[in-house]
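First comes one chain, alone, set out as structure tokens in the form predicted on its own.
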């Protein structure tokens, strides 16, 4: 789950990190009222789930209330990388002496957490990595041991920050790691982390991605889930508890397991077509789950055929077959369906499906054969 900047700052504040006071607003009048309460000067900042806001005119300094009104009026409704600005963060402006970059994420290849710190903040870290990789100090952290004080101090020293920033950065890095670890985050990023003229360290921006699978440990994460950008198809799938991502093709995809679903999208492409979606029904392929999946895909007007790709493990093929037949009784399907069924009790499942096969419901022996048939039907 990607958080808006203001949500990220609220998240960081829980762990004791210094952030600027501010208010999220949804209209120009609310922006003006917030600025009056905070006191000018303020920053007027578009809130979207994407970067590049400053370059697109979505971040403005407002010295007075008239400037707040002008900037808010220009930013609301602004299209930034396909995201329409519907909320703005009004934040008390900060004085800046220097800007740094800091983040934690998972290095999957090393099976460890990765911390990155650079004295070149305020610009995209990808640019720094490409043009001046030595400016990024990295540390790898064993999840069992965590970030020790000794390791943190050595890491900050390797970043060659000025002496005035050293102790404050060490403290914030330890707090940032705690937020990353205890908050079940996939990414926490501060860009920029600033040194003020008074010698204080301050969080000026926040990028946070939380692990959606951790919500059972964090009841309050429902507020973040509610603000995730989803199109109409994705919203309908989410309401049914389905793992769905909308794509641009014409072959609807249903598979059990994320890996198989991704492979199915790939094999549709290999067969000369394009998938309309990624849809993982997980280990459950009963009638309720299958009906929900078919209903979501069936309401997508771009779908011309549906490819159901099931490899039974814990899920049994006969249960899948019964689920498909029952689901088709519940949902009036507009597009032809091609099924590939393999794995546990697959033969029993094929026997159950056989009497129901017709021009609307077809079965193929392999994944590639099924993909080719689905692509042919879609075109």
Partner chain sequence: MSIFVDENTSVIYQGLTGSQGSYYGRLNAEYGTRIVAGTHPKKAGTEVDGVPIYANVGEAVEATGATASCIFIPAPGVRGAVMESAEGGVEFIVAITEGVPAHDEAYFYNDLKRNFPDVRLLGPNCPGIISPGKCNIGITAGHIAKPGGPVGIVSRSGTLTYQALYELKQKDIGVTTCVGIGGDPVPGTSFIDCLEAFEADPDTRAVMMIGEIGGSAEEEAAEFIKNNMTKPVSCYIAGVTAPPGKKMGHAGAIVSGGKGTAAAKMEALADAGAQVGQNPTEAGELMARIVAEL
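Positions refer to the first chain, counted from 1. By rigid core we mean the largest C-alpha set that fits within 1.5 Å across both forms. Everything numeric in this text was worked out from a predicted model, so none of it was measured.
Keep in mind the form predicted in complex with the partner chain is missing from the figure; the text below concerns it.
Annotation: in the model of the complex, residues 2, 180 and 214 each come within 4.5 Å of the partner chain through at least one heavy atom.
In the model of the complex, the partner chain lies within 4.5 Å of some heavy atom of residue 340. A residue is said to contact a partner when one of its heavy atoms sits within 4.5 Å of a partner heavy atom; residue 198 fails this definition for the partner chain in the model of the complex, lying far away. Using a 4.5 angstroms threshold between heavy atoms, residue 101 counts as touching the partner chain in the model of the complex. Residue contact with the partner chain in the model of the complex: residue 292 places no heavy atom within 4.5 Å of it. Taking a 4.5 Å heavy atom cutoff to the partner chain in the model of the complex, the contact residue among 257, 168, 121, 249 is 257. None of 116, 85, 147, 161 but one reaches within 4.5 angstroms of the partner chain in the model of the complex through a heavy atom, and that residue is 116. Annotated contact segment (heavy atom within 4.5 Å of the partner chain in the model of the complex): 340-348, selected among 340-348, 30-38, 326-334, 56-64. Counting a residue when any of its non-hydrogen atoms is within 4.5 Å of the partner chain in the model of the complex, there are no hits in 57-82. In the core-superposed comparison between this form and the one not shown, the C-alpha atom of residue 272 has shifted by at least 2 angstroms.
Relative to the superposed core, residue 121 undergoes a Cα shift smaller than 2 Å between this form and the one not shown.
With the core held fixed, the Cα of residue 169 is displaced between this form and the one not shown by less than 2 Å.
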